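Next up: a single chain in structure tokens, the form predicted alone.
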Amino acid sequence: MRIHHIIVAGMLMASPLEAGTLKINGSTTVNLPVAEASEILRAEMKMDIQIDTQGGSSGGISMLGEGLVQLGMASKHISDDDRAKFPKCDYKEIHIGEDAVAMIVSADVWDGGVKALSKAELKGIYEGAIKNWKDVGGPDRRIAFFNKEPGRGTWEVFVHWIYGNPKLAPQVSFPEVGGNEETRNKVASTKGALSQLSSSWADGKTVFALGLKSETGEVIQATSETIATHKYPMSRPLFLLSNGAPAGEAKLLVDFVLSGRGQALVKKHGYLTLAELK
């Protein structure tokens, strides 16, 4: 009985990160293979893993910096601002695969003839100068733009391509969407809709991925080849993040995701594996 009391007291004194639970938070894009890897480790190794996507990439970066999780998930690089905000966190980016951001439209826009947009056209839409699809070769319909929440990896990749630096992106007042599923559902159910989305979520049935026009007018699609070679301008790395070298159960999960079985999960969810990058 006395031993029992000692054990309980020890458990109560332990911090959440010392209590045997591996906590992970961040990108909804990275979450897909990581969540499935977690299910396997729960079943095979009886690991206690809690995984969430609150706040997307920025949420994962912040929660790791605050010591609330052992691993973050991000679909963007750690910025100098992130490191300055959390100087005590020794951020390590663990590359697990590669993805791309697509500009997706609803079926009526796609069927109306809009198959690709240029950087200038997307900038015009984002800044409110272009408000109707007829101005970019589509139907006479108002553009319903759903902006990804600033700080999301998807948003940062988009504005980095348009402006060269996310800090140069102007303040806009479009309706905002969070995770990939919410974004796809909003665009699929709204006439004239446009948004930024992980390319693997563009199913070609309810939402459609536009090509991106280069400076020379070439239309570049988000394919395995163009993402691997970074010809597609909105390709991006997928990361697990740790504070210093991962250890304990965090290392077990990282090692699993980097293993053959884990990389197969990365590919299963439509991303490029490390072996496929060039």
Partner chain sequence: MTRIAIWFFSGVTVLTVLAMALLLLMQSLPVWQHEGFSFATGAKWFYRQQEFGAASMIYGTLVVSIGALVLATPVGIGAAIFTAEFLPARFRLMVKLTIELLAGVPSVVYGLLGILMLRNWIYELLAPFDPLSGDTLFTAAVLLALMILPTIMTLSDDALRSVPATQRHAARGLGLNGTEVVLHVSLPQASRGLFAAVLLGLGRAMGETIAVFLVIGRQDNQWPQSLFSLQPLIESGQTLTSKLGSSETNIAYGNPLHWGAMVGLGVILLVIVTLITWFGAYLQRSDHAS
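What you see is a predicted model, and the numbers here were worked out from it, not measured in a lab. Residue numbers count along the first chain shown, from 1.
What follows is about the form predicted together with its partner chain, which we do not show.
Worksheet item: Just one stretch in 113-121, 93-101, 202-210, 149-157 has heavy atoms within 4.5 Å of its partner chain in the model of the complex, so which one is it?
Response: Among the candidates, contact is made by 149-157.
Discussion item. If we define contact as a non-hydrogen atom of the residue within 4.5 angstroms of the partner, is K134 a contact of its partner chain in the model of the complex?
Written reply: Judged by the heavy-atom cut-off of 4.5 Å, K134 is well away from its partner chain in the model of the complex.
Discussion item. Under a 4.5 Å heavy atom criterion, is R142 part of the interface with its partner chain in the model of the complex?
Written reply: Result yes; R142 sits at the interface with its partner chain in the model of the complex.
Item to complete: May I ask you to check whether G178 falls inside a 4.5 Å heavy atom distance of its partner chain in the model of the complex?
Response: Answer yes; at least one heavy atom of G178 falls within 4.5 Å of its partner chain in the model of the complex.
Discussion item. In the model of the complex, is there a heavy atom of its partner chain that lies within 4.5 Å of any heavy atom of I125, even though the partner is absent here?
Written reply: No, I125 stays farther than 4.5 Å from its partner chain in the model of the complex.
Discussion item. When its partner chain is placed as it is in the model of the complex, are G20, F256 and Y271 each within 4.5 Å of it, taking any non-hydrogen atom of the residue?
Written reply: No, none of G20, F256 and Y271 comes within 4.5 Å of its partner chain in the model of the complex.
Discussion item. Can you pick out, from S62, N31, S242, S235, the residue that has a heavy atom within 4.5 Å of its partner chain in the model of the complex?
Written reply: Flagged contact: S62.
Worksheet item: Among A169, C89, I78, I130, which has at least one heavy atom within 4.5 Å of its partner chain in the model of the complex?
Response: It is A169 that has a heavy atom within 4.5 Å of the partner.
Fill in: Within 4.5 Å of its partner chain in the model of the complex: residues from 177-193 (heavy atom criterion)
In sequence order, V177, G178, E182, N185, K186, S189, T190, K191 come within 4.5 Å of the partner.
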